[in-house]
Ligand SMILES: Cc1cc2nc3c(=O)[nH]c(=O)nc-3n(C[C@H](O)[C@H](O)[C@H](O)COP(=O)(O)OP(=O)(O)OC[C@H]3O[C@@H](n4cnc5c(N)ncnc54)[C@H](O)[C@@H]3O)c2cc1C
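As structure tokens, one chain now follows by itself in the form predicted alone.
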Amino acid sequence: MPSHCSGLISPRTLEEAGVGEQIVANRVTGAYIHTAGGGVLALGGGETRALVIDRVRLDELLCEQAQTDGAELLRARMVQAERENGGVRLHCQRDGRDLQLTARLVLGADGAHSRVARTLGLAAPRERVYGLGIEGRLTVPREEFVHVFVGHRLAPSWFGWIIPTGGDGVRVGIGCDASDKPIYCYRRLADAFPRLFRGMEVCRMYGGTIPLGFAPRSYADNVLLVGDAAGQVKPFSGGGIYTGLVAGRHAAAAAVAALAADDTTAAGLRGYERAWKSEIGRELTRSSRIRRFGLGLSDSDVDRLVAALGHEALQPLIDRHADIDYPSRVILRLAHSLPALWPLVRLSLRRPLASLQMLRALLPGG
């Protein structure tokens, strides 16, 4: 099955997955941030900040691990799930034939449009963005730098990107909210940055939906939700590999405990949500708040903010603390460097109530 993922992860994600660097296609040391107004900021350089991976191969290796540990692989498409006699009956299709399975507990890791969640009565995450991904060929200035494009005119509520995969290979993408269509956003992006996109050769295009914000609950009788199905997605980037792996680890532990206790009720499974939120919930909540603050800025505000982040006094702090899995850490440290961030303070004062409420929410204890 082809990948529908940009495949940019942190080095710690490999450790969480228990796989080696055989899936690494390229190493990223920095990023160019481009604004709709034409501003550009270079961040990072030097040490590896992120890895570009073969996502299909990662899935294959995880599947092999599971089978080595005793899992049985069954290739089928689930159509519907329903509770029955204290368990779950799964209606599936395999090779054009109907197939029914029963289970005491189901882990729904079936994406943003989770049928497990929908048919077993669990609500979906409330917010979504819609993305377009492109695998192609393009000569970029530096293979070790990604490009990020921000601005309402380019991608309402989201952003665009170019991720070099090595050689002249790239993964290009953009997303937006329901007010626009990703393909239109991509065309505007390419038109806005003709030098950067000149010679772009499109090899494959794909679309997808990214859920933002937690699902109201990630557990119920006989079911646990994991990954996009539960809204366990990083609000800044839409990335879900690291967060899904962390949640999957907690889901496995909760499943083992529930089955051993013969209690797969919601009461017996609620510890799963407490566990994953204790590890990554605070970061995802803070990042969501910061994202909402950013959505309140105009494109000209974003231009000034990006220029402020280029202040030489902030570069060592950004280089030291930048982390794609925990972005709020560096942002909160930047917020405490108020003298160097005075342009951001002025922007905040232009929206007194909303901005001050948001800044209070980001501070420790908020």
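Not measured: the values here are computed from a predicted model. All residue numbers refer to positions in the sequence shown, first residue = 1.
Form predicted in complex with this ligand: not shown, discussed below.
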item	value
Heavy atom within 4.5 Å of this ligand in the predicted complex - residue from L284, I241, L122, L196	I241
Contacting member of G248, G133, P235, P164, with respect to this ligand in the predicted complex [4.5 Å, heavy atom]	G133
In the predicted complex, H34 touching this ligand (heavy atom, 4.5 Å)	no
4.5 angstroms heavy atom contact with this ligand in the predicted complex for M78	yes
L154 within 4.5 Å of this ligand in the predicted complex, heavy atoms	no
4.5 angstroms heavy atom contact with this ligand in the predicted complex for D110	yes
Candidate stretches 248-256, 205-213, 143-151, 291-299, one within 4.5 Å of this ligand in the predicted complex by heavy atom	205-213
Contact at R27, V170 and P327 by this ligand in the predicted complex, all three, heavy atom at most 4.5 Å	no
